[in-house]
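Take a look at this one chain, the form predicted on its own, written out in structure tokens.
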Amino acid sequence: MKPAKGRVIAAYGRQFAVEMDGKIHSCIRRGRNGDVVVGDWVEVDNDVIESIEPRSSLFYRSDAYREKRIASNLTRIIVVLAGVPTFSEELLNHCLIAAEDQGLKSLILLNKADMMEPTRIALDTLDLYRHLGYEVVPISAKEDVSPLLPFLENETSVLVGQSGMGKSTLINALIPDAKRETAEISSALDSGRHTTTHARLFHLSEKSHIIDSPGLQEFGLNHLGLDRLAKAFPEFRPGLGHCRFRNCRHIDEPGCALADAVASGKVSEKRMMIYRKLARTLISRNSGKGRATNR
């Protein structure tokens, strides 16, 4: 029998929920398990994942020791923030950088907009990102999710953000049957009840899909080299290749075009500080392997 094609919509340890012809199958991966991720298109033979089709994108984070793959074949990243609890601007930047590296569209969704004063303060902070060209959309998931809907149409999106920002509330508002569908998957996998500890893909329509993901406390970018890191800052791109030294790291070298852009106000000092902190971390972690480069 010819292997069937399906899409991974959830992953729990060694088991994967694969949707094929509208039905959910509990499958395992032949060989390594860690390379299968939610959003993958796979070939399945007798409930065994035999192969993974080439991905258009892979959204993941990494530290010095391991990679954590979040989702694949995406078109948009939605970073969910809120005024309460206070969001991490560093985490926001790391998510935007990872999205830029994969060529994905980004949306900054400010939830709990009904809390007026915290929302005002948060919007002031996010003004920098609006000027960089990122969409910033205030919303109250408990009251009205309609401002989000145009950004979901014909997209495969993933919700990312810290715990407590309201991602699950958003999913339940967008998909009233989300809890029932999650229970169906748990039943299919015989794995009991699950909270949001794993990514899960939901269908909004035939061409629109959204992936819920676990809350993040940090988002490492150890998989990026310095070249990829710099290119993931859109405002840096006009200056790249114009430094005095071709191997400029944009940290403290003389004649750095990006440093000149900061001095002239074309690049924000805050964003340059974020870049330099990440660059120094990459250099330190790769010091035993030579200078950090694009990988």
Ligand SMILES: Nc1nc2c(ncn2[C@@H]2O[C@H](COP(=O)(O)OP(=O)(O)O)[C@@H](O)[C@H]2O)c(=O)[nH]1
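Numbering starts at 1 and runs along the sequence shown. No experiment lies behind these values; they were computed from the predicted model shown.
Here the subject shifts to the form predicted in complex with the ligand, a form of this protein not shown in this document.
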Should residue 115 be counted as a contact of the ligand in the predicted complex, where contact means heavy atoms within 4.5 Å? yes
Quick one: does residue 94 come within 4.5 Å of the ligand in the predicted complex, counting heavy atoms only? no
Residue-level contact is defined here as any heavy atom of the residue lying within 4.5 Å of the ligand in the predicted complex; does residue 167 satisfy this criterion? yes
Decide whether residue 162 counts as a contact residue for the ligand in the predicted complex under a heavy atom distance cut-off of 4.5 Å. yes
Only one of these stretches, 104-112, 198-206, 128-136, 71-79, has heavy atoms within 4.5 Å of the ligand in the predicted complex; which one is it? 104-112
None of 98, 122, 211, 141 but one has a heavy atom within 4.5 Å of the ligand in the predicted complex; the exception is 141
